[in-house]
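Read the single chain below, which is given as structure tokens and is the form predicted on its own.
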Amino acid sequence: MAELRGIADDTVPALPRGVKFREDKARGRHVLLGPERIFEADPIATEILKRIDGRTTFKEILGQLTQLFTADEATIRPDVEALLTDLSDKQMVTL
């Protein structure tokens, strides 16, 4: 697992060139596709990745997720940071 470094509120996560987030309708799942790699997203990761558009800040994404999951930011922030940091380390998300 990636070392948790923390993500600044004004960070704008984006998918780097060559990385796509797609729904695999045949298999009923969402996948993150990169050069020579594929990651299957679970339902929570799917909700996080749906919000990465290269315009929305990390703080705004957290706000949307707190409403969606009816949870406070302090509860979900560490998990969202861990996922995005891990994907960043794998060059599947830019932070």
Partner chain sequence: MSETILLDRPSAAVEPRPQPPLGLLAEVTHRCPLRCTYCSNPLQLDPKSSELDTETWKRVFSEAAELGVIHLHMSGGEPTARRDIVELMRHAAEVGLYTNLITSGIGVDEAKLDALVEAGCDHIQLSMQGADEGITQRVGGYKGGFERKQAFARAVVARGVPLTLNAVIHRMNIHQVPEMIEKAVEFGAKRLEIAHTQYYGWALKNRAQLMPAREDVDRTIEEVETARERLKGTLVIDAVFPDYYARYPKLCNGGWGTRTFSVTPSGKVLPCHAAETITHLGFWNVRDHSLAETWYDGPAFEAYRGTSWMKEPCRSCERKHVDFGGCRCQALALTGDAANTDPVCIKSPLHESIGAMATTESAVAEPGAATYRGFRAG
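Keep in mind that this is a model prediction, so the values were computed, not measured. Numbering follows the first chain given and starts at 1.
Beyond the structure shown, there is the form predicted together with the partner chain, which is absent from this document and is the topic of what follows.
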Contact of residue 68 with the partner chain in the predicted complex (heavy atom, 4.5 Å): no
4.5 angstroms heavy atom contact with the partner chain in the predicted complex for residue 37: yes
In the predicted complex, residue 31 touching the partner chain (heavy atom, 4.5 Å): yes
Contact test in the predicted complex: residue 27 vs the partner chain, heavy atoms, 4.5 Å: yes
Partner contacts in the predicted complex for 66-95 (non-hydrogen atom within 4.5 angstroms of the partner chain): 91
